[in-house]
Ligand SMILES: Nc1ncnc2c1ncn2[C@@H]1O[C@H](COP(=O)(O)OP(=O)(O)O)[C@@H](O)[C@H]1O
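Presented as structure tokens, the chain that follows is alone, the form predicted on its own.
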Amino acid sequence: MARVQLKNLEKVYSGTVKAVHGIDLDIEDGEFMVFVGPSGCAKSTTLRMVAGLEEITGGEVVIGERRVNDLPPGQRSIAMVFQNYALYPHMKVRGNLAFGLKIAKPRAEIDAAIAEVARILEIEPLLDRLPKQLSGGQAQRVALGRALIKKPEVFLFDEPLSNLDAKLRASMRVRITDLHRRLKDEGRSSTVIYVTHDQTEAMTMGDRICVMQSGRIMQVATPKELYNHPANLFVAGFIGSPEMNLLDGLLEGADFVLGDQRVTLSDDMRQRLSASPDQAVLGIRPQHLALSDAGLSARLTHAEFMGHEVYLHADLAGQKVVAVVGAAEFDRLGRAAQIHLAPDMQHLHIFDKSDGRNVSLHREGSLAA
């Protein structure tokens, strides 16, 4: 079993600076879990406590059935892939792959393991090169191979793709997720904890995503659940590209009031707002705003042509709003400066401005951690 459990995990620096605030999280055997959040949210600190590279101040880390708080990294059955590859510069690729196996295994077994990993990652032609002779993508594949060859219970990735260009990042995302799937299909333990600040990586790679802010878990859910049912303002604003429109306003009966304009909420929405605050935030994703002859009136300030679609930036009652429309729809606008945007009422969110909660979620559907 390669289940990972974090139980009331804490990290305090210098006796007073609390970086991780008692988080609880269960990561299932074979799951691909992504930690995502802005810089400084303690996602890497949490990963390093799992790895044994950072001392645990409070709580427990359990891998499989073992409490590993006091075990050194080499005894935790984990393998880690770092942002900077961490390859030994004086060793060829073959030596880098073999390094962690030399003490424990005979030469023939090491050679067979190198051959298997090189085949899986398509790095056979690179085995006799030095790290300085590798491209960034090649070096990252070697670093991945060095983790894979150990056959650990848990793979830990700390922003491994951040040094690559956009095309290579996309390619490596596919390679890593495909490798995870293949290991599971072969019946090999393949639990992954992957740290990134890039929400595209998180959304495309994770079975579930743990969104963090300031050392706390904001929400744990599948990518689809995070996108469609954000538990709070932070998750709503962090997940999605372009990000969700978040508009300050007031709730008056069945209406959300935005300056001198109103959005009349559906019966279903109203039934879920029995404890709603007067001051609230309306959330609507750019993809859920459509050009219309009526709807909310806004002043178009800028348009970004993205190929088959256009990002419309507008001023709505003194607040910035973005709508994503088809290129053909945009062409029909001509030189119009004033536009009307109709929100998809099935995809509206109402947030409590005081504590950030998404009060429009069904109680049983709330995913807050």
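Just so it is clear, the structure is predicted and the values come from calculations on it, not from any experiment. Residue numbers run from 1 along the displayed sequence.
Beyond what is shown, the protein has a form predicted together with this ligand; the following relates to that form.
- The partner is absent here, but in the predicted bound form a heavy atom of Cys41, alone among Leu312, Cys41, Val50, Ile27, sits within 4.5 Å of this ligand.
- Of the candidates Ile23, Ala19, Leu361, Leu348, Ala19 is the one whose heavy atoms come within 4.5 Å of this ligand in the predicted bound form; the others do not.
- Heavy atoms within 4.5 Å of this ligand in the predicted bound form belong, among the stretches 57-65, 313-321, 338-346, 32-40, to residues of 32-40.
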